[in-house]
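What follows is a single chain, given as structure tokens, in the form predicted alone.
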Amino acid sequence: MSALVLPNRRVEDWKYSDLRNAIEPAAVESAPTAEWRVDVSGAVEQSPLPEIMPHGRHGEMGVVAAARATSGVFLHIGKGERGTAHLELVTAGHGRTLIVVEDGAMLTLREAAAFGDFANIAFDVVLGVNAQLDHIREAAAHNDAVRVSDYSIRLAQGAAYRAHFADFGAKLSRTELHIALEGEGAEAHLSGVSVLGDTGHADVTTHITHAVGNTQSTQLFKLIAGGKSRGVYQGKISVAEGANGSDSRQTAKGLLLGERAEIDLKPELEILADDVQCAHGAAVGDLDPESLFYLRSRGVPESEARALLMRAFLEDAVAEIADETIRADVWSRVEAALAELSA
């Protein structure tokens, strides 16, 4: 059997996240199957993975996870039902998860990333006609961890996927999403924040395909990097031939707090249809000196003033979380991370 070749900076999609430099192939090959703590409520059913899995698109490491995980989690919610699920990875390694939300059903999914040394998880998500999934993923800071999550998400007619990703950095942390809007009226709305210090790394890489017309997607990601950290956002939008009426917007902004920190933003459009509305924007800067001076002149201590400006920078991205309780929890983690950067 040939040795496992890990993605590295020579691979365009992994240019800013050199996995080969972060972990040895032998450690990936010998990693166990991940274990989960799962809490469900409402009409959500949990069962072993089926023998036949959906054929969604995955990246290189998602394929590895699917091949090497010997078990996983299957969450299912029937037509027109409502429910919630909380997934927490308690033992790292290779893992696989299947989530099926049937026609007209609604699921709120809260996910906590692994805190172990290496985690590589492949998710397959299937949303039926007019189904809705609200997904919040939180990844705590862990500078010794390498974690990769690869999502394949397919949406039928009128389905809606709303997701927020809060990542506070690892030795290498990568969230990769492959989203296919396969039915008219399907919508995907993504948002996220990364607050990074020390040598933390966080990468969000998305590829949304508007396979048919009259579909919509939005993306809003905000990154703050201090110390020697690195934040990455790569977002590709593909509009298929004949997918007229597609509407796609993506915005990514970064805030650099030190000379040795780095933020890489790479939005991309691939449009093969004529009647579409597509736009993207990216910008990286520092804290506004005039705003900082204004707050300092009003007696606000510098560390507090910096924290206030950073919170304001992240405000609209965190506000995308609809659930007030979850939004408050995410804010508490964000503010703790900001306090460390402002100290």
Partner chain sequence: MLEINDLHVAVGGKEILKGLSLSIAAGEVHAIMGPNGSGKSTLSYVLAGREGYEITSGSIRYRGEDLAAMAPEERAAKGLFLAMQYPVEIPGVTTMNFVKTALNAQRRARGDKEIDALGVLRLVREKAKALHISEEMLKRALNVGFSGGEKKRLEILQMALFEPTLAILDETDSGLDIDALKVVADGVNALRSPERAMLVITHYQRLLNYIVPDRVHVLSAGRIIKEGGKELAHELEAKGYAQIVKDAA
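Residue numbers count along the first chain shown, from 1. The shown structure was predicted, so the numbers you read here are calculated from the model rather than taken from an experiment.
This protein has a second form, the form predicted in complex with the partner chain, left out of what is shown; the following refers to that one.
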Counting only non-hydrogen atoms and a 4.5 angstroms cut-off, does Glu302 reach the partner chain in the predicted bound form? yes
Could you tell me if Leu308 has a non-hydrogen atom within 4.5 Å of the partner chain in the predicted bound form? yes
Decide whether Arg298 counts as a contact residue for the partner chain in the predicted bound form under a heavy atom distance cut-off of 4.5 Å. yes
Using the partner position in the predicted bound form, report whether Met53 sits within 4.5 Å of the partner chain, counting heavy atoms only. no
Which single stretch, out of 24-32, 273-281, 53-61, 308-316, brings residue heavy atoms within 4.5 Å of the partner chain in the predicted bound form? 308-316
Note which of Ser41, Thr70, Gln46, Ser291 lies within 4.5 Å of the partner chain in the predicted bound form, where distance is taken over heavy atoms; exactly one does. Ser291
